[in-house]
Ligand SMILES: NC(=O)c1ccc[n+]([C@@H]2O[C@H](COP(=O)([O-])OP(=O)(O)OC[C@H]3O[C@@H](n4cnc5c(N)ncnc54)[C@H](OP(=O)(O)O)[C@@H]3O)[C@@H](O)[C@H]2O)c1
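A lone chain, given as structure tokens: the form predicted on its own.
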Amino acid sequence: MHVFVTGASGFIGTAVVSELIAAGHAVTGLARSEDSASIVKRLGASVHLGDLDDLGAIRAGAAAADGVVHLANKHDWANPSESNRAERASVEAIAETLAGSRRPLVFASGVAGFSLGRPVTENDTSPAIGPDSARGGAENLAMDYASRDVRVVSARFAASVHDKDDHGFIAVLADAARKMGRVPYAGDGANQWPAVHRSDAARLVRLGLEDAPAGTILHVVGEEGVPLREIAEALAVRLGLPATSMSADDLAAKIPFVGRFLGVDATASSQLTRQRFDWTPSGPTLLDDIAAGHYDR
């Protein structure tokens, strides 16, 4: 299969591109700069120049491929509405291009934001509806294309996708801790975040691209929930700082955007995904990667 991958030079994208190529697929990666293009080339993939605001380039890349993996996101912590806008626009552009073709579209979504009081499952419908919602409501928008002969697959990623070079939520927390002189957690720190190792995530994305029926929800979750206090204490050991409790409001004020998630309980199950796709996560745990020094920088 010839696969067009957005976000191909990113933290998750590089692992996905390598996984696809190792499985015998040809890959073309979207690259917004010469630096990004060089990364994509080193992985053994072809380069398609463009970015999330260049919808023409995205449509062209999708049109020329047998399937699409959409991982790119602006991750603009200071302006999340801009990230949401770009996400909705790019998903719609790809889906419209693939409409009527029965080609697969696997796109990145998330397990956060459900507030169910229990672990989120693959059977739960995303509460994000419309362009002003989280991720621009892209999951619900994309799922409408299953009835238009697009093999749509939502890959709901755990809040923490971890490995060496992770720059996500845990890295942001570690950076904030160094500036504050302590590693914070909210309240008693009993709230939990789901996590998955990057290698396990890449393998599941490939399985979804190859075999998942239209309308499938994949939960890219290796650990259902890791208590925030345990995360903070593990970081504290590595950084040589105390782990201390703060109020959720103070955390939100001290750590822009990411801080408001530190007091949220966001557990998620991947039981159905594991059963349906014979997927067994085998990479290191989040605490293993913290202990290995991946967030010491």
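Throughout, we count residues from 1 along the sequence that is shown. Keep in mind the model is a prediction, meaning the values are calculated, not measured.
What follows is about the form predicted in complex with this ligand, which we do not show.
Remark: of stretches 256-264, 228-236, 242-250, 26-34, the one touching this ligand in the predicted bound form is 26-34 (heavy atom within 4.5 Å). Contact with this ligand in the predicted bound form, defined as a heavy atom within 4.5 Å, holds for exactly one of Val161, Leu98, Leu218, Ala138, namely Val161.
The contact with this ligand in the predicted bound form, taken as any heavy atom within 4.5 Å, belongs to Leu71 out of Leu71, Val120, Ala186, Val205.
By the criterion of a heavy atom within 4.5 Å, Ile12 is counted among the residues contacting this ligand in the predicted bound form. For Ala108, a non-hydrogen atom is located within 4.5 Å of this ligand in the predicted bound form, even though that partner is not displayed. Proximity of Leu52 to this ligand in the predicted bound form: non-hydrogen atoms within 4.5 Å are present. In the predicted bound form, this ligand sits within 4.5 Å of a heavy atom belonging to His167.
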